[in-house]
Every structure is written in C-alpha cells, then in structure tokens.
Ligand SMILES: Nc1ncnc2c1ncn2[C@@H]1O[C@H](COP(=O)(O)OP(=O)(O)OP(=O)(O)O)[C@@H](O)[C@H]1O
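Read the single chain below, which is given as structure tokens and is the form predicted on its own.
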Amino acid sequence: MENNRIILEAQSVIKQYTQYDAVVTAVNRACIKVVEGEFVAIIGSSGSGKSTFLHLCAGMDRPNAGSIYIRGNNITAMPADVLSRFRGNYMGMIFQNHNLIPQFTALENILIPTTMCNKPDFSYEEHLKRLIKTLGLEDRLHHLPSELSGGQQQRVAIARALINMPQVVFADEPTGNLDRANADEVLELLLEIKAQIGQTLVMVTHDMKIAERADRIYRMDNGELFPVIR
C-alpha cells in the first residue's frame, strides 16, 4: 500500500466543547494518514473521542484547530456549501442508529444522496441493482424502516452511504446495535463491496473481532490517537 496515494490525512486536529464552566477536549492533536483502499479501525472506550474524530474526518463537524485533507483537499477550509457537494461526491457515512427517514421507503432512503449530488457520468441504476443484490434487499425496497429488522435497516443505511460510489466510507459503530451473527454479516458485506469498488473504509468500533480484520488499528484514549502495534 506504500505506493498508493494518501486519501485521508488529519494534522494535529483538536476539538473542544464547553460544558458548564469547563472546557472539554474531545480530540487532542490527533493525526492520521490513510491510503487508498485501506481498512482502518479506530477503537477506544466510550467517551474517548473516537466518534467525534470520525465525524470531523467525515466533514460532519469542524475542528477548533488542525486540518483534515480528503484527496488532498483541505475540507476544514471549505465553505459549507462547497463541503456539502464535496462530501456527496467523495465521502459516505454509515451511522450506528441508521438515521433513516421513517416516512420514506427503503428505496427512497437509499436514493437520497443521488438527489443531493448528481453525477452525470455515473449510472446509478446499474450500481443500485448491484448494491441491492449484494445486500439482499430485493424484497424490502418498498418497506418503511419500521417494517424492517435492525439488520435490514443497517443494510439500507449501507446502501445509502455507497450509492454515490464514494472513495472513502466512514462508519461509526455500524454493527453496534446488531447481534453477533448480523454484525458478522454486515462486516462481510462491507468488505465485499469495498473489495469490488476499491474503497477506503475508516470504521469506529468497540468490537475487537471486527477491528482485527482491519489493515491497521488505532486506539483513541482521552482524545489522543495512537497506532496499535500488532
């Protein structure tokens, strides 16, 4: 992987919050470099800052200091509208709690990113067919989220994150609400699609069984990020 280009780089990223009269440093000078096609896992205890750091890298929040680059572009310096379009073109996000719109069918939820960021040279129809088949959603497309199991909802959330063919996918505890069997199945699906498309995957997880499948593991501790030597 040494010959691949760096697709994600975080430089001395700091994120602080004010709680009552105290300043809490959720992310403390975190640095990371991820090359194209890698699967990087970030582990750590609850409250260690790992999800906050992931959201910063995904452009869903802004740091107080430091810089984050995606494909060589400094997303921390982008205006909100430019960042929104950039995220739609190059980045995907999978949440632990699915974040599906309850009034929309599975198919409508999956297609939301295509209405927000259109790629004129990209065939959504063919890609959608492949995603639906790989994720086993063929007979669930016209069901509402409330009519789906937790595992099925997570599959819909994965399809939504991948419909725009993002180059880097961020996943925040994507198997955290699933039982062991469903968690293993969702991970296999993510890795299968990643292999098909050649995507980069950065995942926050508390599950060491999942983290051990990653190319590299980082541990978040009290806002600081450390590589795990294996």
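As the structure is a computational prediction, the values presented were derived from the model and not from experiment. In this text, residue numbers run from 1 along the sequence as written.
Omitted here: the form predicted in complex with this ligand. The next part is about that form.
- Annotated contacts: A26, S45 and S48 all touch this ligand in the model of the complex [non-hydrogen atom within 4.5 angstroms].
- Contact annotation: of the candidates T105, Q96, Q152, T76, the single residue with a non-hydrogen atom within 4.5 angstroms of this ligand in the model of the complex is Q96.
- The stretch that touches this ligand in the model of the complex, counting heavy atoms within 4.5 Å, is 49-57, out of 159-167, 194-202, 49-57, 62-70.
- In the model of the complex, this ligand lies within 4.5 Å of some heavy atom of E173.
- For the chain shown alone, R219 is not a contact residue for this ligand in the model of the complex, no non-hydrogen atom being within 4.5 angstroms.
- Shown alone here, H206 lies within 4.5 Å of this ligand in the model of the complex, counting heavy atoms only.
- Annotation for 5-23: interface residues with this ligand in the model of the complex are Y17, Q19 [heavy atom within 4.5 Å].
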